[in-house]
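One chain comes next, on its own, written out as structure tokens in the form predicted on its own.
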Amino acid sequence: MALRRIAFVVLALAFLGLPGWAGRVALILDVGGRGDLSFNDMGYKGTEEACAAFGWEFVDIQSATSADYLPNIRNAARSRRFDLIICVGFLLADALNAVAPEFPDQKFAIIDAVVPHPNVLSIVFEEQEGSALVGALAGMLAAHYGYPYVGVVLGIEIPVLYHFEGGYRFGIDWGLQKYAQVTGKKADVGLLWVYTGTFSDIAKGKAAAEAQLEQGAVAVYNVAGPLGIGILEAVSAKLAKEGREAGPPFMIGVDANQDWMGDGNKVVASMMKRVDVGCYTAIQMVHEKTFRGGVLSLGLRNKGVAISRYPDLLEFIDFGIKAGVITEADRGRIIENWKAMRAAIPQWIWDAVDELEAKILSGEVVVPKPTTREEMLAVRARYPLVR
């Protein structure tokens, strides 16, 4: 009788999706991989947190090359071991599009792409909104400090990165107009930009940032995941050469809050793209039996993207400690450096960023979201930002 009662409880938990029923998720990463302190690590973070909350287990599967995408997804589905398979990145979209119809009862989620099958949850982000905020910040910083350029280093030229570039260009233009309105002066600031063609070659990121800094970029926006490590190295070397510890010039972080990196005074802000929230939400939907295929869009309105602020710094210092990049002993120094760096920037600049955010949220400002090359070319023509 006791065994029968236990069996009944286990089956009930499984049916209802209540805590105590352990699900299992596979997290399939693109070639960027763990240790990027941004995109892939954010996917891992959200998956780990959801599994802790719901009592799930998970396996992360690294893709060494693009040739691994299809077999990694297919083998995970074929194993019938996973309640959910999450593909982290646009680069896995074609492979998932091939595999999903082969396993109609398997639930999938993908970050940064729309894969139109009924068993796939496509999680996309309004990257252009967050990029507009850091673009406005960069433009105003360049004008205020008298730098001729702002910079951005991007990875592979894919549609999702056009969102970043388009929003950044719009934001820089908006920031320069705001500077003129506040100060009565017109600033001549241009944009330096490059697609490196990689999400894994840190040396290329460093070389690209070095070139932009030498030309006078006040900040380099990292839109290339792990390449941010190289970008930060370039910023740190530039500051050391000038005999200073704090920017400008700065790096602008991406995906995760990267403000804590570089001792807290070299990353002026981060465009947070909450891949962790996307992964957490997908697992929660399966756990609560509300999962269905379709598109989930995350932007400023539902905290899918954001510009970094103080509470985010505190959260992601813990992220850095857990990654083994910094220690608890570094916490106080990083916080004080961050506060001093931000306090050195005129308050009207931060207020202007808040103003732009409020206008985007209200619908008064609509940030361009180019997805095709033709749309991107049109945005470049509208906001050329050349000196």
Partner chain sequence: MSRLGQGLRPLVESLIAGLIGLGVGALIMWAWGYNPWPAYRVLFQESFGSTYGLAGALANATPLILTALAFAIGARAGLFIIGAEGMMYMGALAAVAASLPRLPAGLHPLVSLALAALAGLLWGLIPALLRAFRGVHEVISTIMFNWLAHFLAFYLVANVLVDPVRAEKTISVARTARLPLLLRGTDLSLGIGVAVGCALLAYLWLWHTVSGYEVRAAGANPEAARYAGVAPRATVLGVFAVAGALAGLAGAVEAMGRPPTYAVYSGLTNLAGFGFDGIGVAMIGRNHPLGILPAAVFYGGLQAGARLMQMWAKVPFEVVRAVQGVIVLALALPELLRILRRLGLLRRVRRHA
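All figures in this text were calculated on a predicted structure; none of them were measured in a lab. Numbering follows the first chain given and starts at 1.
The same protein also exists as the form predicted in complex with the partner chain; that form is not shown, yet it is the one meant from here on.
Asks: Sort through E288, E157, D188, E214 and report the residue having a heavy atom within 4.5 Å of the partner chain in the predicted complex.
Replies: Of the listed residues, the single hit is E157.
Asks: Tell me, which of E48, E355, D60, D330 has a heavy atom within 4.5 angstroms of the partner chain in the predicted complex?
Replies: Only one listed residue qualifies here, and that residue is D60.
Asks: My question is simply whether D94 lines the interface with the partner chain in the predicted complex - judged by any non-hydrogen atom within 4.5 Å.
Replies: Yes, contact at 4.5 Å.
Asks: Tell me, yes or no, whether L70 is in contact with the partner chain in the predicted complex, where a contact means a heavy atom of each within 4.5 Å.
Replies: Close contact exists here: in the predicted complex, L70 approaches the partner chain to within 4.5 Å, heavy atoms only.
Asks: Determine whether any heavy atom of F90 comes within 4.5 Å of a heavy atom of the partner chain in the predicted complex, and answer yes or no.
Replies: F90: contacts the partner chain in the predicted complex.
Asks: Is there any non-hydrogen atom of A76 lying within 4.5 Å of the partner chain in the predicted complex?
Replies: A76: yes, in contact with the partner chain in the predicted complex.
Asks: The partner chain isn't shown here, but in the predicted complex, which of 149-157, 262-270, 302-310, 131-139 has heavy atoms within 4.5 Å of it?
Replies: Of the options given, it is 149-157.
Asks: If we check the partner chain in the predicted complex, which of the residues in 200-216 reach within 4.5 angstroms of it by a non-hydrogen atom?
Replies: The stretch 200-216, when checked against the partner chain in the predicted complex, contributes only K204 at the 4.5 Å heavy-atom cut-off.
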